[in-house]
Each structure stands twice: as structure tokens, then as C-alpha cells.
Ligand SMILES: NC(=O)c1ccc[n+]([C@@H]2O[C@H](COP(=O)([O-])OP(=O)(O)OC[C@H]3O[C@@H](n4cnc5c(N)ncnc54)[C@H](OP(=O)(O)O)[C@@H]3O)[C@@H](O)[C@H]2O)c1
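There is one chain below, alone, in C-alpha cells, taken in the form predicted on its own.
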């Protein structure tokens, strides 16, 4: 019996499939996948022999109870129009396009709808999955979806209007963190005549990993960590002062830019929906 369908086998679609299968809560034979790039499906079949692949998105919608739509926001309407005659009122569409409203998907397809923002960190069974269920999704269905996602991440149920900023703090955050520490590595490299970039990067990454574990396993807050390391009048305190002076403007600019870009994308999608 096929339970999960995936339309789109890009970065997030492939991550979700692989993580779900590694969790052991779903079997390859219970999944069907479609992709515009057929060579990707051939590779998928080599990795998971019993997984089903489809010749069309409609075939996925016909055969699966839960249909993950893992395409770019501006491609969602085209996919929904393609599959709407293949879904029923019992189908649960799970869209990872944060900019596309639940009500729009419900209206276009007549299906039940869940909005999901996954994170790349689910590749290592960590991070947060943002979830919002439409009103027609039953308790049994929402429990099943959340069980799957809890096996690869921590589920955070939020209101649909909270998705923009919450997405920046979860799904986008690995890229932001990588950018921050890449710049730190480069700055450190400019301040040394002996350490290599590789040496510096290893020091930063290992320390970052250990610090993250301290936060989670010891239930430490940011202020407590600073107090533990940055003793009054010490060297670390000087570095913290510099960061606190410069970083607020950097982060305000980062969120201003990303949220503005998200607003533009949302407006473009809404315009396309009105034209449809």
C-alpha cells in the first residue's frame, strides 16, 4: 500500500524521503515519487529498490494518501492544476512552499492541506520542522504527519501568518550560520601567519558543535553561556563587546532584506493566483 507521495525530487524532497526511510517509520514500498528529471529517479531506485517511481505527478496524486509537493513556490500552481482531478477530499497535500496559502491550495484542489517548512538539518535527524494544518485535516492525519516529522526533527506547530520569520530562524538558518562562521574563519586567517584555513575551520566547527551540545544537553541559555566564558575584565569580554556593538545592525539588515524579498515573492505568487 502506497502511503506517501512526493512530487519533486530536489534538495528538500530527496532529504525528506531519505530521512523518513532511515527513521524506519516508513518503508520504500510505501512511497511513490515523481520528478521532471528522470535520471534522478533512476538513482533513487538504485538506492531504494522497492520505492515506486511515477511517470507523472497525477499518478502520484492518485496513488498516495499523503502527497508532499516539493517544488518552488512559483511552480506550485502548475502542479496543483495538474493533479487536482487526481486527488480527493481524503487526500492530504503537504506543501513545503511557505508563500502559498493553505486556503488557496484547498480551493484549487478540494483536498486537505498541511503546510510544512522542513530544514536541511533533518539529514542528521535534528532541527525543527514548522507545521500548520488546514481546518479539514483530521486529528488522526495530523498525528501521523507529526509522528513522521518528529522522527527526523522536532515539530513546531505555528500559525500560518508566523511562517515568514519562523522560516528565517529554522530552514534558512543553516545558510546564515555557515555564512557567519565562514567570515569568522576568514578574519582569523587574516590574523595569523602560521595557522591554515583548515586548522582554523576545524577549531571553529568542533567548538561550534560542542557549544551546541552544551546549549541543548545542559539546557543553557545564551546569557548563561556568555557569563560562563566571558569573565569580567577578561579577554573574551572584549570580544563580546565588539560583537554586541556591531552585530545588531548586521542582523537587522539581514532580516530586513530576507523578509522584504519574501514579501516580493508572496506578492508575485498572489498576483499569479488572481490571474489564474
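These numbers were taken from a predicted model, which means no experiment stands behind them. Numbering follows the first chain given and starts at 1.
Below: the form predicted together with the named molecule, not depicted.
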{"property": "Listed residue (108, 117, 132, 185) with a non-hydrogen atom within 4.5 angstroms of the named molecule in the predicted bound form", "result": "117"}
{"property": "Heavy atom within 4.5 Å of the named molecule in the predicted bound form - residue from 63, 45, 27, 36", "result": "36"}
{"property": "4.5 angstroms heavy atom contact with the named molecule in the predicted bound form for residue 79", "result": "yes"}
{"property": "Distance check, residue 126 to the named molecule in the predicted bound form, heavy atom within 4.5 Å", "result": "no"}
{"property": "Residue contact check: residue 11 to the named molecule in the predicted bound form, 4.5 Å heavy atom", "result": "yes"}
{"property": "Non-hydrogen atom contact residue 171 with the named molecule in the predicted bound form at 4.5 angstroms", "result": "yes"}
{"property": "Residue stretch of 148-156, 200-208, 95-103, 133-141 approaching the named molecule in the predicted bound form, non-hydrogen atom distance within 4.5 Å", "result": "95-103"}
{"property": "Partner contacts in the predicted bound form for 56-73 (non-hydrogen atom within 4.5 angstroms of the named molecule)", "result": "57, 70, 71, 72, 73"}
